[in-house]
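The chain below stands alone, shown as structure tokens; this is the form predicted alone.
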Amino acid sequence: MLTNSRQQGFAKVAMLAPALVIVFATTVYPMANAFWLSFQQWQLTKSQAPNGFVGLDNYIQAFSDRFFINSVVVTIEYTLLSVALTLVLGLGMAVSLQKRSFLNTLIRTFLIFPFAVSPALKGYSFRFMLQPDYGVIQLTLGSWFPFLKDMVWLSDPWWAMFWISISEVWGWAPLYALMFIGAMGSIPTDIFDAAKVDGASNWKMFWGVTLPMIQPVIIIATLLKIIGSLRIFDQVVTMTGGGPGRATQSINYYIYQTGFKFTNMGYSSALAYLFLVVLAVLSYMYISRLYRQEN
């Protein structure tokens, strides 16, 4: 006869088993298989199975691949731009909406909606709005600034990167504004009262009181946004296809092209694992910082 504790243990395992099987089938096995492939030479158009073990050749090749290095540079540029814009605009909106009023409460309610939009839909929407003949953004900017009337935004390397970043910032900045509003709301009002007695202006209170007090939240938000920005893929596919040229070809998009367009499965797996190491380090930093803040 099984004891009650053993029966409860078997019941827990039985309830967890379906989820564990799904996780293994969709995550653990594919990752293990990709890791094994990263040490293999496999051109899918030439053979149906890997051609043999090549050791670290795929990993070494990455550091001399100018296209991969370009994708790293592009991803870093995009990350710096999108993170900076998200934090600045998020802080700006948080300061503007910090005071309690009916209008501010109503606006806060709608701030979450841009983040709920899928990245692919953001990309398609911004691409449509930037079309030269009928795009809302293009027509608006063209009417305000006539010299921009015939501008083809996504054909210019810098502007293509800028608008991809804006499509992401549009979704993330409102969410970060809500995070910063919550952090500002937790600051004791006595600190602001004392600063006002000392004659501090609103600007000085922001730099001397508000920013230092919400710094832990800003650091965590920055790390989280860096991780999200490094994984940029959907907007690149839907807005520019990595162009013009390779100006917006991110790491994720280059890995995708290497594996599914050029069918070099071994090399793409190695690139994916190099990228995974970077994300793992950043994730560790994020979790460590979050754990330290809670304690």
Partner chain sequence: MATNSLNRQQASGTPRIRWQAVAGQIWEVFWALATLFFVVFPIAWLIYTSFRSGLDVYSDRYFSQLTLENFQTIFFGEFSVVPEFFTSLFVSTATVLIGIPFAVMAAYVFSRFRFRGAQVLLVAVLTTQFIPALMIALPFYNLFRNTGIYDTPWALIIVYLSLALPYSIWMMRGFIDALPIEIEEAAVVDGCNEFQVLAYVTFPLVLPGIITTLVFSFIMCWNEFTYALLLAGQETVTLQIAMTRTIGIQGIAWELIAAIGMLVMIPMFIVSFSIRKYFVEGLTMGAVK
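We call the rigid core the largest set of C-alpha positions that still match within 1.5 Å between the two forms. Positions refer to the first chain, counted from 1. The model shown is predicted, which means the values in this text are computed figures rather than measured ones.
From this point on, the text means the form predicted together with the partner chain, which you will not see here.
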Subject >> Segment that reaches the partner chain in the predicted complex - one of 205-213, 95-103, 192-200, 75-83, heavy atoms within 4.5 Å >> reply: 95-103
Original post:
Does residue 133 reach the partner chain in the predicted complex, with heavy atoms at most 4.5 Å apart?
Top reply: yes
Original post:
Would residue 64 count as a contact of the partner chain in the predicted complex, using a 4.5 angstroms cut-off between non-hydrogen atoms?
Top reply: no
Original post:
Is the gap between residue 259 and the partner chain in the predicted complex 4.5 Å or less for some heavy atom pair?
Top reply: yes
Original post:
Can residue 126 be called a contact residue for the partner chain in the predicted complex at 4.5 Å between heavy atoms?
Top reply: yes
**OP:** Heavy atom within 4.5 Å of the partner chain in the predicted complex: which of 187, 88, 107, 148 fits that? Just give me the one.
**Re:** 107
Original post:
What residues, if any, in 54-81 have a non-hydrogen atom within 4.5 angstroms of the partner chain in the predicted complex?
Top reply: none
Original post:
If we fit on the core, is the Cα of residue 28 displaced 2 Å or more between this form and the one not shown?
Top reply: yes
Subject >> residue 16 C-alpha relocation of at least 2 Å between this form and the one not shown, rigid core basis >> reply: yes
